[in-house]
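Here we start with a single chain on its own, the form predicted alone, put down as structure tokens.
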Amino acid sequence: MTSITPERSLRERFPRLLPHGERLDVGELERLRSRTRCFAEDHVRPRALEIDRRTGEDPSWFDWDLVRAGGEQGMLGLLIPEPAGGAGGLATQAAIVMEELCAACPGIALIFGAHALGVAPLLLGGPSQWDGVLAELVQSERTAKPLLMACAITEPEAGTDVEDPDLLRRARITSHARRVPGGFRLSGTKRFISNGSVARWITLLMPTDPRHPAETWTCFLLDTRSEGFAVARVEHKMGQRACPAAELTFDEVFVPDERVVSREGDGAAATTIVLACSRPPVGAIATGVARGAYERVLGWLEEDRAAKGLLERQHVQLALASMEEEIHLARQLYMDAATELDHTALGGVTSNPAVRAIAHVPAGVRRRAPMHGWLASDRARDATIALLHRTTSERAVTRSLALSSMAKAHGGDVAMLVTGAALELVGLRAGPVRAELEKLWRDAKLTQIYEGTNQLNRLEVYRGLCRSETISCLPPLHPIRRKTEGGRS
């Protein structure tokens, strides 16, 4: 196996981290990067081509051994708050992990990335979510049967549309949630759901009034063992095959009131915040794909006899310099977006004294009826939204979303550019390395599509940075109470 380029520390990769020492523990980030790199070299890259081949033949095949290995390294609890037993990581930590994993295999990395995306909406639910499914996920992490999550948003006739509040108003939404005593009945179809066929829990979004999807878009926590839930099919993918993309159907699936994440109708705002959180790691995914291709082609040029003399040619040197340049710039973009989100847009929430105080309450006390009842109450949910309004602003989140969208869109283009250039350099002479490069080229295309197409992401950049607009991206302080079946509201 061709070697990869020498390690570079985070301080070398991100000079901008140096002045942020008081806010970022660069040493801890470095240790996280090093652990992830070792995991990627020991477990991910050696199995990447074989897993790609097997899932290409049978899309429903899934490598649980890798999930167990990742669980032992804390990959599943990375973003889960410390009071729930997780590592308490934020977008910065997730992005660093994603680049390292994707330099080895983007498809395997996506398993852990899709799991984190499923976790993200629960984090907006505040302390009420700590002692339920989040704690269960952490407890399973180092067992023989780790639990995975997924997030289900897109539909057969509404893909990128559902990821923008304005487009959502005109989207062709076919799913809906109908209120019944004690909860909701969910019906419809979700498509292209990463981890959808292997997840134990799914956070999904549907309108409670199909006539007003944007105003009633609501996040639910679904138990995949529920009656009426089914995996209709698993897609045959071109790239990132290790992580399945499934079509899911819901036939009057019951979800109790306590599994409504945050409040009814807050889903559009929650989606915006989640995308601001998830797009920096997607930019890191794309950067990792590009870096993986660059490292493989450089290793081949330095070590393989078939490449003898090529490094002395100026056009090859220029091509390598261009790859290095694009990767470096893509990396700075996703780190800018991640640190802006973690320490400016949402930093006030995570450092709030009230949140810290609840975090210091032992889990056993939080689970007792009086405190658990209050944390799960409407008053507590309203208080969580009020905290968001006190500690950040719609302008701050809009700017953060724009930076995150820029990182995602540019990173996706860089991934395609670098993987294509790498294939051109090696031609047909590279042997096993060419097979890895071909796979990375196939993997790269998806980074221009998921988490909103690059076109939509650039519209977010236009609105948030070019025009300095402010979009409605925080849940309202006082939710609109709509009349539903039976006169209830």
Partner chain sequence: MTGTTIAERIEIQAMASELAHRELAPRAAALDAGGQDVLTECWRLLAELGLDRVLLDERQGGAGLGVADLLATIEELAVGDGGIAMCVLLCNAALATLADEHLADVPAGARWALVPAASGTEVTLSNGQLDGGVACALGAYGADGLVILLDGPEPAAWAVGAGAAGLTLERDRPQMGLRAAPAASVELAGVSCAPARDGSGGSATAVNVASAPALLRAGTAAIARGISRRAYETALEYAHARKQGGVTIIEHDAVSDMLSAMAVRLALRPEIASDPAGLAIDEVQALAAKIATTDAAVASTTDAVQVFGGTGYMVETGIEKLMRDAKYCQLFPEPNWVAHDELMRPERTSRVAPLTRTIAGNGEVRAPRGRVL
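These numbers come from a predicted model, not from an experiment. Residue numbers count along the first chain shown, from 1.
A second form of this protein, the form predicted in complex with its partner chain, is not displayed here; the remarks below concern that form.
Residues of just one listed stretch (188-196, 114-122, 256-264, 332-340) have heavy atoms within 4.5 Å of its partner chain in the model of the complex: 188-196.
The single contact residue among 45, 54, 37, 445, judged by any heavy atom lying within 4.5 Å of its partner chain in the model of the complex, is 445. Distance criterion of 4.5 Å from any heavy atom to its partner chain in the model of the complex singles out 239 from the list 74, 348, 165, 239.
For residue 455, a non-hydrogen atom is located within 4.5 Å of its partner chain in the model of the complex, even though that partner is not displayed. Taking non-hydrogen atoms only, residue 235 approaches its partner chain to within 4.5 angstroms in the model of the complex. Within 4.5 Å of any heavy atom of its partner chain in the model of the complex lies no heavy atom of residue 132. For the chain shown alone, residue 31 is not a contact residue for its partner chain in the model of the complex, no non-hydrogen atom being within 4.5 angstroms. Judged against its partner chain in the model of the complex with a 4.5 angstroms heavy atom cut-off, the residues 159, 310 and 427 are in contact without exception.
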